[in-house]
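Only one chain is included here, represented as structure tokens and corresponding to the form predicted on its own.
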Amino acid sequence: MNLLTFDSGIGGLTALVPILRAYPGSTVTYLGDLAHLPYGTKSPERIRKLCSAAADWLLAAERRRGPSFDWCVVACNTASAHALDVFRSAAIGSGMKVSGVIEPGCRKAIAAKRPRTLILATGATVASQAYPRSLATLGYGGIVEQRACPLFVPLVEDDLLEGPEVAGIARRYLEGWIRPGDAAVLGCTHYPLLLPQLRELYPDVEWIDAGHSLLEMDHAPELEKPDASKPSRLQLFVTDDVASAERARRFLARMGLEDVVLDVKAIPPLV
């Protein structure tokens, strides 16, 4: 299975975990736009412009390789909220499925059957109202509340995932708001790397990783199993950053994917 993936950074690797476990031997071409990280503080117009450049780059990679990519995953909630249509328009004629991560998270939240669902996301994702709108469309009748947690992204990108500093920031955002019995959707693919710390602080909450539900969706393509005797390969392209290789290896190891063959290349900013 050959996969195109986009994220504003390398936190989107969390969305690949179930896919690479289900399809060992896959090849992933991943674009992380670190030159413009974070997306969650930018205007919708700026996000769409950045995503348009990213979509063009990814589809150019698809054309260079030939019509052999099966799936494009927009592993960025902010991009999924504001510009999923940009990626889908760019992929017209390629035969690829294009999926975002918001609908999978909403379906998982509904399946949790909790009366109150919290959305932890970037400021831009919260402002888009994409999660409440999707939950309502899918028939969720409970209470939906959102909160922007902007400092979570730089914590993850700097590989600071636990400890008193992380706990302090988490409490600043969540204390007095999150309650036992809530379902809490991690509405940014960076956030799942903070899950051990979040579960320690709030063990009675149903934590939902939106990216982990991608394969359960009815819009996920039917894929042939690759040669499982070969390791999966991750071609990680990052804009304007050459220090991402070691961080990506640590992230993959934490997620049980240390056997993935990793190739990291820095490319110039796309915009």
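The first residue of the sequence shown is number 1, and the count goes up from there. It should be emphasised that the depicted structure is a prediction, and the values quoted were computed from it without experimental measurement.
Another form exists, predicted together with a small molecule; not displayed. Remarks below refer to it.
None of the heavy atoms of Met96 is located within 4.5 Å of the small molecule in the model of the complex. Residue contact with the small molecule in the model of the complex: Leu50 places no heavy atom within 4.5 Å of it. For the chain shown alone, Leu37 is a contact residue for the small molecule in the model of the complex, at least one non-hydrogen atom being within 4.5 angstroms.
Residue contact with the small molecule in the model of the complex: Ala130 places no heavy atom within 4.5 Å of it. This chain is drawn without the small molecule; in the model of the complex, the residue among Leu193, Leu198, Leu118, Val153 with a heavy atom within 4.5 Å of it is Val153. Residue heavy atoms within 4.5 Å of the small molecule in the model of the complex occur in exactly one stretch of 82 to 90, 183 to 191, 106 to 114, 159 to 167, and that stretch is 183 to 191.
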